[in-house]
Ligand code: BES
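First, one chain by itself: the form predicted on its own, in structure tokens.
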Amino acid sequence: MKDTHKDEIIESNQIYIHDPHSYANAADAVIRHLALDLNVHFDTKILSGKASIYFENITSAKKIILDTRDLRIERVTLDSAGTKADFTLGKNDPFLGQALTIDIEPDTKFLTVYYSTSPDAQALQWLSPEQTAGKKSPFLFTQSQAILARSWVPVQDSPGIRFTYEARIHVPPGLMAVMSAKNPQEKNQEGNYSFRMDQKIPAYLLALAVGDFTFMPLDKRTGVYAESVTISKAVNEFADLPKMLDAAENLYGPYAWEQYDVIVLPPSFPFGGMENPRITFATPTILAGDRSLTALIAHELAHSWSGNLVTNATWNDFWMNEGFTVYFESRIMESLYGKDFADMQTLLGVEDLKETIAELGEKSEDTHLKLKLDGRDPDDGMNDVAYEKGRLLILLLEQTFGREKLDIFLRNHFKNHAFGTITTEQFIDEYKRDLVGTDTAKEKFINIEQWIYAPGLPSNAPQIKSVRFENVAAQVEKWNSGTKASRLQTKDYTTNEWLRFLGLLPQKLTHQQIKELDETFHFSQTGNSEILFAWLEKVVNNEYKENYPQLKKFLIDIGRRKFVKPLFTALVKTPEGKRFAKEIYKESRPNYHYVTQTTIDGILNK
């Protein structure tokens, strides 16, 4: 293992790791508290106002450096006297934006930046009424991860820097605002909302949503926000959320954030969910009507421990957030729905991981758990490797050391690092000290350095079996051998089983085979977005144009990158498909968030 500790600087009882994705000079002057006062302008698609940065001047520095991206800085003042401060904006980097360097005095306590955002701010998506479920009022939501917080707040935008915050948000009358903080549960007439987050968070967990939505509680500490036309369906879908929270606490200790709510966003949200503290941002594509896709909520809830409570120090350590969380999610789902369900989820994840490794290349450094994203957009590292290879490593630890011992180790991990950050190397040291101990035989068997610093999937990866999936494989084999689809034994299949069924079908299908399957099982008409997506992949890969109207509608309506990226990737493999993709994208692009737009732009412009 190479020495990666040379960039650590210990100051003021805090370890700061060199972050290649931030300009912040945190070893000299570091943010401790943020106070926002912002006006939301739907007509011009900007936020305007001020951000007060309360910081600790560790080395009596004469400058503090913040991260910004496409912000219009009007002026900067120091302390309550409002003394005008000199500042400079550095060279504009395509990923990092611009360094905002502000002159300060050794005794400066806080500064205030007066600014406005760009109408094209990467973190902000402004939606017209027509792009919402209710069709009557506009909507705004943010997506700050990984390094997009700097496009709506001047801040030290590194996961290794944590701070508390407060905010005053002014919105048009009739709309409500929520943040990753203590939230209102009713609208007020003036449109003025105040927020506090008294627990330290990194900038990527700053979040804001504004729209015509309402709140309904599930119990004393969980609830749902959604537009009025969606709220009843959402409440029914998330009815098990209180049980999930209880299960999570039974596994790894008390929930540290008081309230846990979910807000259902419009379909343009680029991810399945975002683990903003106290309020998960969720895609409406998980509203299947039968609670079959709520593992996503268990995942975001698990982030309240792994990610939000204990955070990866840099984006090169991203697997520390996601690998732990996917494992934790699986344990929550097992507790609620049984081991069979959890095993099916894991197997589906392993298949996704294998496809991702094949796509990236088995020798690619991007298949390492510890990444090398310097000089690149950290979004490049947010794929199945961090999630599923990370999960398999933690599962291997469970199988090797026993679940009871691993659970004690993880509880202590979350307790000892609460509201702090951790690097991969710090975790390895902790693992060897607190889990391995003197058991060198098990340490050698696991070979954690290979898992973390080598490409591909190690040979000792856990092997998961599922009797229910074996039965699915038998039905697919019958169909391959000529049995009609209508005679297959698929009654009472769960979503997981249907996804496995579709995944086991041959890559190449005749149009008659596709027609028979669709007429029997109605895949193209399903309201389950995961099943519909898996079906549309078959449709595109086999150029089954009878379902292209459904494909077009799906790509226009849904902005979730997990779905649209593979479908556009498959379409552009043929000249005719690429023409169709460009036709769709001309209409769908305005509905997509910047994160999804950037991905699809890259696919279509190759």
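Because the structure is predicted, anything quoted here is derived from the model rather than measured. In this text, residue numbers run from 1 along the sequence as written.
One more form of this protein exists, namely the form predicted together with this ligand; it is left out here, but the text below deals with it.
Going by heavy atoms within 4.5 Å, which of 31-39, 556-564, 539-547, 65-73 lines up against this ligand in the predicted bound form? Checking each option against the 4.5 Å cut-off leaves 556-564.
Taking this ligand as it sits in the predicted bound form, is Gln143 near enough to touch it, meaning that at least one heavy atom pair lies within 4.5 angstroms? Yes, contact at 4.5 Å.
Answer with yes or no whether Phe318 is in contact with this ligand in the predicted bound form, where contact means some heavy atom within 4.5 Å. It does: once this ligand is placed as it appears in the predicted bound form, Phe318 has a heavy atom within 4.5 Å of it.
Indicate whether Glu237 is a 4.5 Å heavy atom neighbour of this ligand in the predicted bound form. Flag for Glu237 set to no.
Decide whether Met274 counts as a contact residue for this ligand in the predicted bound form under a heavy atom distance cut-off of 4.5 Å. Yes, contact at 4.5 Å.
Of these, His413, Arg278, Arg162, His299, which has a heavy atom no more than 4.5 Å from this ligand in the predicted bound form? Looking at the other structure, the residue within range turns out to be His299.
State the residue from His303, Arg331, Arg500, Lys370 whose non-hydrogen atoms include one within 4.5 Å of this ligand in the predicted bound form. None of the other options qualify; the answer is His303.
Where, within 380-402, is there a heavy atom within 4.5 Å of this ligand in the predicted bound form? Residue list please. Counting only heavy atoms within 4.5 Å of this ligand in the predicted bound form, the contacting residues of 380-402 are Met382, Tyr387.
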